[in-house]
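Let's start with one chain on its own, the form predicted on its own, as structure tokens.
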Amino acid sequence: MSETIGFTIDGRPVRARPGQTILEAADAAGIYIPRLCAHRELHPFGACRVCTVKVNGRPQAACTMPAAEGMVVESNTPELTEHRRRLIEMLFVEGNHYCMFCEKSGNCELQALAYRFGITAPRYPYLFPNRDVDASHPDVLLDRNRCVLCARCVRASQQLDGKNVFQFVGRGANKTLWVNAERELADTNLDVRDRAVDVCPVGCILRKRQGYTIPIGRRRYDHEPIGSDIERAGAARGA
């Protein structure tokens, strides 16, 4: 039995270890597939669908789909680019995202995806939902207006911190992030050092008193598009 699996992504040969997902194999090969809910330290979840690719002509989430011998994966196509652009736009209008005033600006993955896809303004009407801001915790702010329901904090709290601080309540348009307490975040056992605080891709979970310690111009996505680190590593390896 072969120790690796061979398949193609946009015509490029890729090798994967048994059990690797398409997204993991693509990262190892230096091919960036956009994603939002996926995180290298967390189990795949498949919530955002920004990583949707076509596998042998059928749509699949690259973060959950295992690599298989001989599969033909399409990622960088006009159809999938438009699909991802629409998903990103819907995430903006379904929340209250004010990038100019957000402490996460420049480090926000949602904002960085919008820049990568050339989105200057969504095509859909803004919903302007009425969502709670929880500032009860002495060291952590929870702003549900910016939540994109990626479940990174939920998974990190369980899988990395050994806790259960965050969870979702409600369904459909009423689904929202909640905390494991009678009232508010201060009543949970969340610690400012928890990984659940670090993994949020947007400005929903923030450490207090640190929002602007990194000046504009020195933030992660100020000069390079999101995914550049993966593509640069692939180019250095000659992928």
Partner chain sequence: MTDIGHAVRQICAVYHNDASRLMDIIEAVQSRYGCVSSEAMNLIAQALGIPRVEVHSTVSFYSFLSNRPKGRVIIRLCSDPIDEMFGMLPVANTFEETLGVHVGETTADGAITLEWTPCIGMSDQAPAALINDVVVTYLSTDKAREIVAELRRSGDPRKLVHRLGDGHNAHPLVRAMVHNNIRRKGPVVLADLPPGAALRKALAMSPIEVIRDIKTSRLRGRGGAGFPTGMKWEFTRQAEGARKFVICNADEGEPGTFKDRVILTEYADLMFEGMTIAGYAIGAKEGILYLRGEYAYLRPLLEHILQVRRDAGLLGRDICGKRGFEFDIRIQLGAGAYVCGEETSLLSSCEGRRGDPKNRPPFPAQKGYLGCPTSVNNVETFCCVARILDRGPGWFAEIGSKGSPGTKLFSVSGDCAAPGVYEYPFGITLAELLRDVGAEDVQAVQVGGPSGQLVGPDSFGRRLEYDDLATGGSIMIFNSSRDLVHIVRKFLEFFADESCGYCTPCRVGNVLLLRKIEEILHDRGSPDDLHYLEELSATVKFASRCGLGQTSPNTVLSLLRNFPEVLKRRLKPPAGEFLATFDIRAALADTERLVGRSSVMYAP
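Numbering follows the first chain given and starts at 1. Because the structure is predicted, anything quoted here is derived from the model rather than measured.
Keep in mind that the form predicted together with its partner chain is missing from the display, and what follows is about it.
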| query | finding |
| --- | --- |
| The unique member of Cys99, Ile119, Leu160, Met90 whose heavy atoms fall within 4.5 Å of its partner chain in the model of the complex | Met90 |
| Joint contact, Arg207, Gly227 and Ala233 to its partner chain in the model of the complex, by non-hydrogen atom at 4.5 Å | no |
| Ala173, heavy atom within 4.5 angstroms of its partner chain in the model of the complex | yes |
| Contact flag, Leu80 vs its partner chain in the model of the complex, heavy atom cut 4.5 Å | yes |
| 4.5 Å heavy atom contact, Gly70 and its partner chain in the model of the complex | no |
| 4.5 angstroms heavy atom contact with its partner chain in the model of the complex for Val169 | yes |
| Candidate stretches 50-58, 190-198, 22-30, 208-216 - the one whose heavy atoms come within 4.5 Å of its partner chain in the model of the complex | 50-58 |
| Stretch 189-226: residues contacting its partner chain in the model of the complex, 4.5 Å heavy atom cut-off | none |
